[in-house]
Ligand SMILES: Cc1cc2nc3c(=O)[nH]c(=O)nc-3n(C[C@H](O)[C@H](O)[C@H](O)COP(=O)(O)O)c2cc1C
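Let's start with one chain on its own, the form predicted alone, as structure tokens.
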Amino acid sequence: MSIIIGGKGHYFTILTMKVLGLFGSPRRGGNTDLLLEEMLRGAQSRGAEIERIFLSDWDISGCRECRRCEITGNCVIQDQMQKLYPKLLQADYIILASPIFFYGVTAQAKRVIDRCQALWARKYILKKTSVQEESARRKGWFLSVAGSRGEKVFQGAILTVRYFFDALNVEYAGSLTFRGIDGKGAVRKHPNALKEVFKAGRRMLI
């Protein structure tokens, strides 16, 4: 957020939109990384504040299904997910990028999604208003590539991401997915993938 002074001493506040990019691939510099970087670059060109989270670098355990979050609204596991929760709740826009592994998102991404059971419990069981409050500007996107050209290759991952965003009270704004891309950096040879995600990054702040 920045503040500028208008005429005659009046103050006007300009809000900077926060965009959180979640890099879900276990491999640095791969195809989903390239796509997400382009989408973030597009958003940054519109003045967005960008934060990058490489999930493979974060020490995050899987959900234990202890169900304590249904009582307290908080996850009992004290690892780096505790630092990620506020980032997920404070971002105006969230972009999750993950390649397809066995018709789903990567283990790195799925751990984060599963640990958001605590936020689901806050919203649907404990009815915490902080999670239930609607925000017209809070939206999320999914970026993905798959080596397979199967017609349904993205369907499972998209359903998972939609419910992930729902737990965060984030509107699912859509996905940008690309089939038949497997080798590291192969997305660069796609005729319009990088241009498409850059434009999407610019458009999402309009």
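Keep in mind that this is a model prediction, so the values were computed, not measured. The numbering used is simple: start at 1 and walk along the sequence shown.
This next part talks about the form predicted in complex with this ligand, which is not shown.
Among residues of the shown chain, Arg41 is not one whose heavy atoms approach this ligand to within 4.5 Å in the predicted bound form. In the predicted bound form, at least one heavy atom of Phe101 sits within 4.5 Å of this ligand. Proximity of Ile53 to this ligand in the predicted bound form falls outside the 4.5 Å heavy atom cutoff.
Taking the partner from the other structure, this ligand in the predicted bound form has a heavy atom within 4.5 Å of a heavy atom of Gly147.
Considering this ligand in the predicted bound form, the lone stretch of 158-166, 138-146, 44-52, 59-67 in range is 138-146 [heavy atom distance within 4.5 Å]. Although this ligand is omitted here, in the predicted bound form all of Arg27, Val153 and Ile181 have a heavy atom within 4.5 Å of it.
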